[in-house]
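Here you get one chain, nothing else, as structure tokens; it is the form predicted alone.
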Amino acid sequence: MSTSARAPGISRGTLILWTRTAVVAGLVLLLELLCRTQVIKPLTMIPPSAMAQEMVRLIAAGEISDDIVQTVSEVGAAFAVSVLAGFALGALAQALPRVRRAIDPLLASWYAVPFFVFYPLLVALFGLNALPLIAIGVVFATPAMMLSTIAGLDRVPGVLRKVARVHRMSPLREVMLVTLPSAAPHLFTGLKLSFAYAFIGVIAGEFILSGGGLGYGIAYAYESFENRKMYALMLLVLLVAIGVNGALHVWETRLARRRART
């Protein structure tokens, strides 16, 4: 009985996965066909297979190793700082209603502010190095983690907190065993959004403000009419973003299944 009950769910999940794969593969093949038949002109876009070949060549030759290291380090630093700061500030705002009411309008309109105009100020504060780009990534990503943290803590059932008090849990044990597991779905959403915004902030900053990194490489290739290199770097950026988000999604799914079993 239990096997027959689980089978439809498994087949449904498998069907969704294969459907997504088929849609992506179909779009890539269509784009390949349009480029190969020159419906899309070579000066406009090269075939996806050519993008992949050029990307592999650039990596194997070590031509973009420094750019990869710079971008990965900047995104990693911005992501780590934004997650820690966003969680701490979100927890503080959730615990202090007056602070929360004060910052709610600011968070609601945060992404309407063009933060790149503050780049000269950041250069004056931190110097002409990677710190201004990391700061831009942090500024972009932190509010997403704050909002997800607030939403997650708001939805911790009150009965679980009462159970923790009945069992005389210390504040740390309550946080580790009750609060964080209950808020985990929203916190993982915050992780994924924080990575996306940190990645966007750093790449965009490199594109228009930096002298190195993958964003700078794309901009330089565009200005130099190096279509193959430009699209190869764009493909690499796309694959990195999809890969990290996919890894976070797999981690989230496994924790959700373990939580459901327990």
Partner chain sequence: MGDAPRPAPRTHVKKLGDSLLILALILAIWQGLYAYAGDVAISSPLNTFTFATGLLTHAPFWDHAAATLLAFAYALAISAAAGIALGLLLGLRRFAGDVAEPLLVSLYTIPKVTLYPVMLLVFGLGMSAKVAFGVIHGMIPVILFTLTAVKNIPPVLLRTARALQLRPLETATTVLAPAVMPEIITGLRVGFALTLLGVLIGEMFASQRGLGFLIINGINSHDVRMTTAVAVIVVVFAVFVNGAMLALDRRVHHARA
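Positions refer to the first chain, counted from 1. Just so you know, these numbers come straight off a predicted model, no measurement behind them.
The protein also exists as the form predicted in complex with the partner chain; that form is not presented, and the subsequent description refers to it.
Proximity to the partner chain in the predicted complex holds for none of Val72, Phe79 and Arg155, with the criterion being a heavy atom within 4.5 Å. Contact annotation: Thr44 falls within 4.5 Å of the partner chain in the predicted complex, judged by heavy atom distances. A residue is said to contact a partner when one of its heavy atoms sits within 4.5 Å of a partner heavy atom; Ile242 meets this definition for the partner chain in the predicted complex. Taking the partner from elsewhere, Asn129 is found to have every heavy atom lying beyond 4.5 Å of the partner chain in the predicted complex. The shortest heavy atom separation between Ile218 and the partner chain in the predicted complex is within 4.5 Å. In sequence order, Ala196, Tyr197, Phe199, Ile200, Ile203, Ala204, Phe207, Ile208 are the residues of 196-210 having a heavy atom within 4.5 Å of the partner chain in the predicted complex; the partner itself is omitted from this view.
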